[in-house]
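Take a look at this single chain, the form predicted alone, given in structure tokens.
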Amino acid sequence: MIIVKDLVKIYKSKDKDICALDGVCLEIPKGQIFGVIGLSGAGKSSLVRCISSIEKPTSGEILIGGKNISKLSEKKLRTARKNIGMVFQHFNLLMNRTVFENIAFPLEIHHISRSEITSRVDELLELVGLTDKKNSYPATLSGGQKQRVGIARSLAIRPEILICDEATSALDPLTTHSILSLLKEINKKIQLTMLVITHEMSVIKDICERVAVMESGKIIEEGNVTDVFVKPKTALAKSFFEDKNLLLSHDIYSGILTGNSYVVKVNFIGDNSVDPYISNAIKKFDVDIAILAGNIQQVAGTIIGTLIIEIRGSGEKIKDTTSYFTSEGLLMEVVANDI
């Protein structure tokens, strides 16, 4: 488990001190894929550098496996760093070394025997699907293949934690999906705890179980990905998780209201996404329902459907309809109404 308590990081300069982390608190259980999302300058990189012991925090605690790594001596810290693997945005491969030699590099640093190195690297090449690229050089690889090498290298000394710092930001969407699928497979196979740092909402939706939203050095929202997706509490979380294809502007919908109607956004989650709530409501409450927009997507392994609908009828029947949706466990938000 990773526990971060009241973490503060202040960078001092001649002009003024910059507070990059302002009392950050996190708990990441063993084996979980935990995401941190935020805009540039939110403090994500400072958080990574402190957790990975590249930098020391100004104050606060970072406990990994019960040990406060922010208080360890340099010698003990070097040992602790072995438990943390890092995957970077720009791969950081050694261009004059083959794929095999890149993955072997951290093992050589730790003076592992040649036979053990060969066995471990071959095992990792199979894990990341690059056995046929064993003797290739990085210059001949695609971006996705380079990142697979980076992932294999980060796993070489069997860390307990893997930190992915914008690991897919330099990749196209199809390659991003393949890398995220690989990370999920690795997590499932070896129960590796993963901290995923990103500014991309699609990455959080695809791979993470929980998410923390960062702004100005603080965690402003945290929860299960599905909960934050359907019920964001902050403006920043809403901007990340709202579907840009679904127009939710009151001004847009208020102009098309037909009289005695509501425009509402309804989320259908999990098993609810396949039940006929709309047709049931039409029959049960004698209302007309027009579907204005909608989609269905998978968020953290859960199917979530979203519809923007206009409910037409008497005020009482509309309220009965919305009460019915709520009683059935659907999440509903009124976008516009003219009652």
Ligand SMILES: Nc1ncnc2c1ncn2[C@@H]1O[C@H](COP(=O)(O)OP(=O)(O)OP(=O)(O)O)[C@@H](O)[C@H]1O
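Computed from a prediction, not measured in an experiment: that's the story for all the values here. Numbers follow the displayed sequence, beginning with 1.
The protein also exists as the form predicted in complex with the ligand; that form is not presented, and the subsequent description refers to it.
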Work out which of the listed stretches, 64 to 72, 281 to 289, 36 to 44, 294 to 302, brings a heavy atom within 4.5 angstroms of the ligand in the model of the complex. 36 to 44
I18 near the ligand in the model of the complex, any heavy atom under 4.5 Å? yes
According to a 4.5 angstroms non-hydrogen atom cut-off, is R312 in contact with the ligand in the model of the complex? no
Examine E200 and determine whether its closest non-hydrogen atom to the ligand in the model of the complex is within 4.5 angstroms. no
Considering non-hydrogen atoms and a 4.5 Å limit, does the ligand approach Y324 in the model of the complex? no
Answer with one of E221, E166, E101, D206: the residue that has a non-hydrogen atom within 4.5 Å of the ligand in the model of the complex. E166
Going through 48 to 65, which residues have a heavy atom within 4.5 Å of the ligand in the model of the complex? Please give them in sequence order. R49
